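First, one chain by itself: the form predicted alone, in structure tokens.
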């Protein structure tokens, strides 16, 4: 059985379609006491029909069998339809969730091959706060896609190629391979890069050596490639440590750097030329896509090959599209990249579509996101104006969580407290990011993130621990109750509210994955945790009035723990057993 929201929508949609084809019933949770849902679509339909909203709403209610699903249906003079579900419908839907190992989430009707491009740090440069969003959002989307039954290919598009490597390799030679590799291996990537830049800027001789080294690198000189691999390997080793600390599923096997696409660039240009898409503009090879103009209204070019014969980011990004929809056979390619790259990616997608590499416009998706801000609501930087290292932010979050754990969970041993501090600290940072609509900026505020109150990761983790504590006190296993149906009516308001909330997991998951929006799943999980807290305080479980009620409430607790646990896993957040 589908979730109540899905059942109601399947009834309401045809009724609205008959009145106004394509009309949205606008089914929403109700904020009115005593009702579960509100239908808001009659007002928009009435405007198109030239009728009163109340009459349209009444027609909808009469046309569909809402009475068999609802214990109360109310049409307001403004045309809103308020619905209170029948208790037996909630119990039936909840029983289906309890009996399903996937907690009501049906697998995708067709498995798609989805390539997800995310994280993308640069070799010999530190991962900073700006890498947090792409890495965390990308990891969450991959987890959701796998859970839905799709074949996911993770691609970490590491910046490991380009003219800057002439400078970096020459600096490595100057400081010595052993010393330079050690500096990179301990995580001082920014220090190494700054030293190389300072030496380059101060020395015309090094500038000339660096230019020669770029030529050697691009021509495949063995010794230059060996030195380049040292830079790449030490950087990747450090990135692996950051990914492990952050708890994301990226591995070395997922790294597909810019260098991977370098051999494809000549073929990409040749194909664009053969299709008549390339235009010579002051010696550069460009594609002019209709609709893209500068502020002055002149055509805006996508520069594929520069006038000096070198390739820029556009050529590499076009090669990724050619490769992902060609060699990999992707059905969808997601680019989890910051909002400032919207125009560049849109132009690349348009060119790939014209070249015939992209099957249809909707198959390449820019999953854009806003910025991480400091308390002053400006780009998050240190007092010295430098970008915060991501690893420093994570370490500070764990340290804050460690202090909270020391006071709240003193009964745990040292190792348990340390594991708990990592789970809370890292989970808090990830949840704060994921719970924000990805299109928006957000302020990085560790005090708020680590709080056990409000819409935070620790609040969700603690709600699940509260569920499990009931079973631990009784010496019971929650897994023994997940499949047990609710055996009584859900008459207690808090009990009924929790039962209804648990039926909504599948709808929340579907909405989050359809729109590539993890914050929708976060919002559901937070609402569930709030409803459970009210239930926990209002409805005795182990001291319920009778055995049947106790077992029914244990089922609600077991399902709550299961849904919160599954939801946190999809977000990439650990679920402690004790706190």
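It should be emphasised that the depicted structure is a prediction, and the values quoted were computed from it without experimental measurement. For the two forms, the rigid core is made up of the largest set of C-alpha atoms that agree within 1.5 Å on superposition. Positions refer to the first chain, counted from 1.
From this point on, the text means the form predicted together with the RNA, which you will not see here.
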query	finding
Interface segment, criterion being heavy atoms within 4.5 Å of the RNA in the predicted complex, picked from 175 to 183, 457 to 465, 100 to 108, 476 to 484	457 to 465
All of 26, 38 and 43 within 4.5 Å of the RNA in the predicted complex, heavy atom check	yes
Residue 443 within 4.5 Å of the RNA in the predicted complex, heavy atoms	yes
The RNA contact at residue 536 in the predicted complex, heavy atom, 4.5 Å	yes
Partner contact for residue 254 in the predicted complex: the RNA, 4.5 angstroms, heavy atom	no
Residue 516: touches the RNA in the predicted complex, heavy atom cutoff 4.5 angstroms	no
Contact assignment for the RNA in the predicted complex, among 386, 194, 226, 448, heavy atom within 4.5 Å	448
One residue of 207, 271, 82, 259 in contact with the RNA, assessed in the predicted complex (non-hydrogen atom, 4.5 angstroms)	82
The RNA in the predicted complex - contacting residues of 304 to 325, heavy atom within 4.5 Å	306, 307, 311, 312, 313
Core-superposed C-alpha of residue 424 shifting 2 Å or more between the shown form and the other one	no
Is_shifted residue 75 between the shown form and the other one (CA, 2 Å cut-off, rigid core)	yes
